[in-house]
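Quick setup: one chain, the form predicted on its own, written in structure tokens, and binding and motion questions come after.
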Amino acid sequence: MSMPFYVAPEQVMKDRADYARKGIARGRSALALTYADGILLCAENPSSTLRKLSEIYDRIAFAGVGKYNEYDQLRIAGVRHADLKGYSYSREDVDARSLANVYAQYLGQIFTHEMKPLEVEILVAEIGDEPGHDQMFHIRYDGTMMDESRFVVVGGDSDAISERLEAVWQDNASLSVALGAAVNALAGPERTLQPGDLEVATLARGQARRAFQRLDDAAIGALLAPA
């Protein structure tokens, strides 16, 4: 009788993490950062149909990187979860923290119990009534969840992009200044990104209900144009 093949649990977890990280790193990055009037979401994405940024609920936005079919399934599940909770209770009961917890539990379950982890990183952002009440959550492939107060970078070369963004960060910056900093951080010193290479959206404070707004190439170009 042959002996069953044994692999240490630590090695299994390490192999799954390495697999997921490599898949995510092959994709282009996305980021979210606060500015004076809300939260800016920006992603390097030349596609006009496959979206990385989307609206989840009235004041909540979603960004995903990695395998499109996997993070788009998470987006759809988030929309359904938010709609059901808002319908069953009230719209004010739907918040980014509870949604991020659902995502974290699901990703952690897949990472721990399935052979193949999801090759995704996602962020969930919610605009508050006041600047100090904005929320941003970064959820990794293994279910690890982190909350951020200034900016979040997911996917691609996120460490280098975070360093570049940290160097030019301005508190209460205008939308044009924040977008310029985001684009320069995504591009790095050796590239230039044009409006057609970008996907940009905002969660703007002061809207009646729905805060999410997607910016087209013309609006992006106008914001990036020299003053």
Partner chain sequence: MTLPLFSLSDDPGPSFAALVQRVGLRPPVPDTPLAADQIAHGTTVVAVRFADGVIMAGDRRATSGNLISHRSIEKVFPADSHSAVGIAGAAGPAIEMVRLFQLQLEHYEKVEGSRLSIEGKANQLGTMIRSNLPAAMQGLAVVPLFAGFDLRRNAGRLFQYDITGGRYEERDFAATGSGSLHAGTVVKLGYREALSRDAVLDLAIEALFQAADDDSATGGPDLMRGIFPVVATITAAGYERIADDDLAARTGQLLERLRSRRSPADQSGAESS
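Positions refer to the first chain, counted from 1. Computed from a prediction, not measured in an experiment: that's the story for all the values here.
Although it is not shown, the form predicted in complex with its partner chain is what the next lines describe.
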{"query": "Residue stretch of 124-132, 138-146, 151-159, 82-90 approaching its partner chain in the predicted complex, non-hydrogen atom distance within 4.5 Å", "finding": "82-90"}
{"query": "Site check Leu74, Tyr106 and Arg209: each within 4.5 Å of its partner chain in the predicted complex by heavy atom", "finding": "yes"}
{"query": "Contact of Lys67 with its partner chain in the predicted complex (heavy atom, 4.5 Å)", "finding": "no"}
{"query": "Residue contact check: Asp58 to its partner chain in the predicted complex, 4.5 Å heavy atom", "finding": "yes"}
{"query": "Exercise: Arg26 in contact with its partner chain in the predicted complex, heavy atom 4.5 Å", "finding": "no"}
{"query": "Its partner chain in the predicted complex - contacting residues of 139-165, heavy atom within 4.5 Å", "finding": "none"}
